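Consider the single chain below, provided in structure tokens and representing the form predicted on its own.
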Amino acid sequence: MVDPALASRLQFALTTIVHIIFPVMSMGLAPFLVYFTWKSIRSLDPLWERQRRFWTRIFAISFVVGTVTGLVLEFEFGTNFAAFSTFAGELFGGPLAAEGMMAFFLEATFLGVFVFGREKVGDALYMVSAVAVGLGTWLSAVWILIANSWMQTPRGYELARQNGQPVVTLVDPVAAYFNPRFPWMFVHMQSAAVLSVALFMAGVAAYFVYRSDRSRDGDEPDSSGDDGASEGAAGTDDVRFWRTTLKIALVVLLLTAPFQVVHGDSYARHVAETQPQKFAAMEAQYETEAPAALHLIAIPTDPSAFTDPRAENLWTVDIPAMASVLASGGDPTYEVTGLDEFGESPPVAIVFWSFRAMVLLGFWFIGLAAWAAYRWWRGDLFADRRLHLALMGSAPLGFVAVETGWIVTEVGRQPWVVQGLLKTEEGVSPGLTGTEATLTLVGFALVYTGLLVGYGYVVRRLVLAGPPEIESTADSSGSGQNPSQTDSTTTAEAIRDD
């Protein structure tokens, strides 16, 4: 059987990697839904009501699965990491309780109104429900990241002993909850969520735009640049729906992709100041140097060194002094602390390559956004099939970037679970056996694989079903009523139909 500490770490990593997909989807969709709801209330155009209904379905299923998988993580603090809970419970428990009592209840309460109550409440209350749901998802991130950021840069505590066990006690809540890492993590995470969903939306929309062009046998791709007004009667609304989706997603991608890279650069300098061993692992910096080169590629020359965090025999492709420039914000003579200054190191290969994958994806997103912007400016955004294929292939890559960034954050902190205070292996439940930990690891691997496959199947069905049909009565009756108030098919019925 696997060592209980290793099995527990693998299990928590597995459940977190799967879970993080769902809150990223719901957090990223939240601002889009607020915008679509506002437009659907203010406009007589049924396009916006269709947008709201279509993306609400994916938000709702992501919220449900995210809630289930998130509860499992909290249980694991008791089953697999009871020693950690005993040690840090006074600081860690508060934010988790606040997340449940404040953010989750706010989100869950108004989600019922938002999903099922469009025809039962007025426009003002319905708009409030959309904002409350979005606010709840982001508040949830606030409390979770407060807890996690405290583990990265612990502040506002004192070490004490209770029943012979070392514990931390909360002495300054402001310093603890608004520790130096929190604002960096929150901004980076929320921006990443919005960017990931924008890529997902752009990829889905590009698929339907691409398919609509291919379905016109013998026709040349439409280069009119309009929103589908020239498509004819059948399918015109759907073509317009997806072209509008593509444009909105690209605008958001143009804003978030460059911001994420610029913010990430500053975030990395903060990491260099507060967790130098993590920064050294991100750059495979084994010795303290000034100036320090940036390793674009670093591969051990001995295969056995792949599993050795102290491996120093590397084949590298370097940019001289660039690591000093990045760590200092411009000084090529800046001294970068190496791993040789620390007694223990995180697994360098995992951190190094995860960081590079995240950075590479970040620059790809900028290039993709620039490519689309150029095509849009030329008036052939809907005609460039290579761009459509690139957007389709990039649809899941925002989530991949989030996963690799999270790996850098968590694995780069090792061997500590609370930086400088408690090692991960010391936080494992003392009574947990290797058999128990291994069996639950296997069980969670099977269940979460099935859950992920099921979620993907449902989302695929929702996407392929396309946007719901809504009849606009504004033109025919001249009543001026909002389409959402007169449509006989409610959002709840539409979701149940799926």
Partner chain sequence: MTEPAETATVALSSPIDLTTLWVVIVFAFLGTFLYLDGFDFGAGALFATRTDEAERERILAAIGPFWDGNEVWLVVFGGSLFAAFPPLYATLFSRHYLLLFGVLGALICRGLAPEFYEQRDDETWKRWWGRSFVVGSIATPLLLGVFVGNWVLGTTVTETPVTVLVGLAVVALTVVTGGAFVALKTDGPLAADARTWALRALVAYLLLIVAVLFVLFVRTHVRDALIEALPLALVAVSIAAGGGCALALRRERDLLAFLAAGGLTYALVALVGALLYPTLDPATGLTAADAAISPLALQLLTLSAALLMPLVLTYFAVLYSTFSGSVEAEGY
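Source: prediction; values computed, not measured. Numbering follows the first chain given and starts at 1.
From this point on, the text means the form predicted in complex with the partner chain, which you will not see here.
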{"item": "Contact stretch among 97 to 105, 244 to 252, 284 to 292, 335 to 343 - heavy atom within 4.5 Å of the partner chain in the predicted bound form", "value": "97 to 105"}
{"item": "4.5 Å heavy atom contact, Thr86 and the partner chain in the predicted bound form", "value": "yes"}
{"item": "4.5 Å heavy atom contact, Ala373 to the partner chain in the predicted bound form", "value": "no"}
{"item": "Contact flag, Met27 vs the partner chain in the predicted bound form, heavy atom cut 4.5 Å", "value": "no"}
{"item": "Heavy atom of Gly466 within 4.5 Å of the partner chain in the predicted bound form", "value": "no"}
{"item": "The partner chain: the contacting residue among Leu33, Leu47, Leu451, Ile41 in the predicted bound form [heavy atom, 4.5 Å]", "value": "Leu451"}
{"item": "In the predicted bound form, the one of Ile297, Leu125, Val262, Ala175 near the partner chain [non-hydrogen atom within 4.5 angstroms]", "value": "Leu125"}
{"item": "Triple contact flag Leu111, Glu436 and Arg461 to the partner chain in the predicted bound form, non-hydrogen atom at 4.5 angstroms", "value": "yes"}
{"item": "Heavy atom contacts to the partner chain in the predicted bound form at 4.5 Å, residues of 119 to 139 in sequence order", "value": "Lys120, Val121, Leu125"}
